[in-house]
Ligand SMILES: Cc1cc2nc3c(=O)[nH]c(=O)nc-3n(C[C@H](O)[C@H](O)[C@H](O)COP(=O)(O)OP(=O)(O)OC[C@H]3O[C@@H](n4cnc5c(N)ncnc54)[C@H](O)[C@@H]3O)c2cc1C
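Below, in structure tokens: the form predicted alone, a single chain.
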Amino acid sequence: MSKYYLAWAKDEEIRKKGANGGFVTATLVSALENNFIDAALVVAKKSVYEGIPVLTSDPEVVKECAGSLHGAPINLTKYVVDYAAKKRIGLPTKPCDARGIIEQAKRRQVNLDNIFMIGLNCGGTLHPLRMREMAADFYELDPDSVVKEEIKEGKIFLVSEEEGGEEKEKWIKIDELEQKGYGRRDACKSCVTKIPTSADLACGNWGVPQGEKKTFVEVLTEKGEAILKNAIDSGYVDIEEAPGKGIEMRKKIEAGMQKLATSWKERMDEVSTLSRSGRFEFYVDALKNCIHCGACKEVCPVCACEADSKCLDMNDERDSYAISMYNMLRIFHLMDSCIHCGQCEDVCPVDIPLTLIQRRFSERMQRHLGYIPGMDVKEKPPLYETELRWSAEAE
């Protein structure tokens, strides 16, 4: 049911603070003020390197959270599961947020009827520590002086606040940074899901005429149409039909970014060039450093295990396994559901390349089963289907 619009906030303050005309913020504010939703799940910006998820019913808090934040690569799925199970909530979702929420809904952890996902087109996020290094080494800026950032037109823009309050903007091409090991996180560089087509709305600046502070909006579901109508009827946003050239430009940008992501994935997977014994040695060498802290399990947006799950107890320090049972169980447990968001690798205290390792196993299984996690709300997970068939036969 896709419909395409250019949209923007009517409130000048919201429009000025928002990254692309303030549409997302204005839509959430109008939904709260009209009791269309009970709460909004947004990310409060503490700095360009830190954001804190906040579940709020206060429209003023939502307004304060307007703007981009690429240096805080948070996946909101777990917060939806933990804090908003019984509320009607609206939230901005990157493609990996939307995919995680949908996978949790398929596992009966959340009720999608109560969740309004305002999707954000995503070219990628940056690891905060690497971003600070990048600001110092390539932009020649004091990392603590950076007050704004943005990714657009194939460049990363950083804005610093100089003495006297004057702002200074610098940019460098993303490709130039990434050839030197900086820029976006590895999981983002190799991700081909750039437009959140599994959300209710998909929003971004791709397809917006140059120089116009507006949001390109694709309506994907009836829920998306309803929350957009609420924002229009309450006088919070204005819209116009998206021009045909804008629609084509958006498709062209998406295709170009997907092609680049495929190229990055091939370049980063050096394991595929190794012999069979070499691959085994790679896995053993990487995973032997695991300290069984459970951080990867804690942040994983598609793991639906109970908090007191015993999977961590599978490891015995007296065993002689080259790779612990915990890692083996985790790899196989997520093979049908991993969305390759990179959250596990972000939090690993011993820097195990978990995204690459999990991808090498899960993508093979997902191709074999013809299943892409988190993309189709109506499609049941393949192993869940198998369980249902087995249960029916047993009866």
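As the structure is a prediction and not an experimental result, all values here were calculated from the model. From 1 onward, residues are counted along the sequence shown.
What comes next is about the form predicted in complex with this ligand, which is not displayed.
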remark   = Only one of 105 to 113, 268 to 276, 121 to 129, 158 to 166 sits within 4.5 Å of this ligand in the predicted complex by heavy atom distance, namely 121 to 129
request  = May I ask you to check whether S68 falls inside a 4.5 Å heavy atom distance of this ligand in the predicted complex?
outcome  = yes
request  = Answer for I339 alone: is it within 4.5 Å of this ligand in the predicted complex, judged on heavy atom distances?
outcome  = no
ask   = Though only this chain appears here, would P373 touch this ligand in the predicted complex if you measure heavy atom gaps against 4.5 Å?
value = no
task = Check whether D200 has any heavy atom within 4.5 Å of a heavy atom of this ligand in the predicted complex, and answer yes or no.
result = no
query = Though this ligand is not shown, can you say which of A84, A242, L76, L260 has a heavy atom within 4.5 Å of it in the predicted complex?
reply = L76
key: Heavy atom within 4.5 Å of this ligand in the predicted complex - the one residue of Y182, W206, Y139, Y236 that qualifies   = W206
key: Partner contacts in the predicted complex for 86 to 114 (non-hydrogen atom within 4.5 angstroms of this ligand)   = P92, K94, D97
